[in-house]
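Presented as structure tokens, the chain that follows is alone, the form predicted alone.
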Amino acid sequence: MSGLSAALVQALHAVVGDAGLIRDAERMQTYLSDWRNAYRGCAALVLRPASTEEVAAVVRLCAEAGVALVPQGGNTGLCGGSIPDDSGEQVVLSLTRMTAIREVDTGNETITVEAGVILQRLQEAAAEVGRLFPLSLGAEGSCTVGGNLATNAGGTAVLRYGNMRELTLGLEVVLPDGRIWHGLRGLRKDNTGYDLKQLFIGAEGTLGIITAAVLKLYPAPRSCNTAWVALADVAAAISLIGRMRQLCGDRLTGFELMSRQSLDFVVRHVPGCNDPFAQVHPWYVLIELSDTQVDAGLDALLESGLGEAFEEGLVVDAVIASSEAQVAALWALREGISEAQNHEGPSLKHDISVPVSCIPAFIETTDQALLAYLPGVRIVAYGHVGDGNLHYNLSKPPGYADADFKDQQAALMQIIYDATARCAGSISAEHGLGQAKREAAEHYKDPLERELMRTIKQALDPQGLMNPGKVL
């Protein structure tokens, strides 16, 4: 219990009760490492408040005592942003008991939820009233709304609906001194000064703790068509997405790019997943169209677009799903990549973004540089082509020792990040900086931007107690 006085522990216990305070070392372990076991830490204790008022009371007590807090949601991140350091003096503040759906306003097309609501439950609540909440990602069965907001999550439907910044109208936030900002406004127009909610979205809990949000709802799709398409190269994917955008407009909901290496891992390690084609191809895209009309002519649109692309040599082969089961099978190939790669030993995750037009050149030159540095390294490249976001992950060469591969992490990361910088890209598209990319951001992010970020941090959290060691 290093750093925490008995009086403070007693006061915190009085706020959250028996169900909200965990001191047992074995029970705490779940909160002290990420799902990949890539980051581990220690903590004085774990607190699980059940309301915004309890969060505020906890924050006030810890602020008065100078105790650092590490906010945590579903703990599904990839950059260690929700894991405490190894001092054993920080307190993990889990929002997983705050699971209320406070209001569904179909007239305003909004839903107000607490930070601990699981993303899948949010999707279900929207569906129950005939609406869609469009954020969708592989961890949706366990990630929370608070974590999605803290990292400005994107997912597979960003092309049409945008990321969490675009999906959020209002926030409720506990500030570092324990005050509550009541910003739960469902307004689409509010030009009365700074858009404060945007400070907290993507801040990874370093400026305050998001406890609830007003989110946008959309009409539920009533028709959907999905295709798995084989391509000869990445340039063909860029040409194809341009063609499909022109043809389909905002009915183009998803356009996901995957390398052959990505598909190999999925077919090898994810039960029930099979290659849709008999022949091997170097690249694939998963295309999804959706519409609110039952008979929207999506079949004809998809077939027309792919047919013309085939005639021009952009498409090598394609299969269009003819049932919900086939749609699910195709999406499983895309969503199983991250899990499948874990079976191949340690993986180095890189979540970068570059202008869409730069994607082919980025992949070609970066692939060459990586293979020249570490022959045999397996490059698992996939992502959301429409917004320039690539998950550019690395697995060790066959037979290479895990420890030796990890020793190469810094050099491999520099190759990727240098290439990203040359394309005027970002070293983090949707996973955040956490602790994994904090030091890299010092090098690759504009110095003035870093200075402005520190100014904001100092103004809101002068004691530096909100998720210290993350982002900055």
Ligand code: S2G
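Throughout, we count residues from 1 along the sequence that is shown. All values reported here derive from a predicted model rather than from experimental measurement.
Quick note: we don't show the form predicted together with the ligand, though the next part is all about it.
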| property | result |
| --- | --- |
| Contact residue in the predicted complex, chosen from 131, 160, 121, 349 - any heavy atom within 4.5 Å of the ligand | 349 |
| One residue of 290, 262, 393, 366 in contact with the ligand, assessed in the predicted complex (non-hydrogen atom, 4.5 angstroms) | 393 |
| Touches the ligand in the predicted complex: residue 243 (any heavy atom, 4.5 Å) | no |
| Touches the ligand in the predicted complex: residue 338 (any heavy atom, 4.5 Å) | yes |
| Contact test in the predicted complex: residue 266 vs the ligand, heavy atoms, 4.5 Å | no |
| Close approach of residue 384 to the ligand in the predicted complex, 4.5 Å, heavy atom | yes |
| Interface segment, criterion being heavy atoms within 4.5 Å of the ligand in the predicted complex, picked from 425-433, 24-32, 37-45, 59-67 | 425-433 |
| Heavy atom contacts to the ligand in the predicted complex at 4.5 Å, residues of 31-67 in sequence order | none |
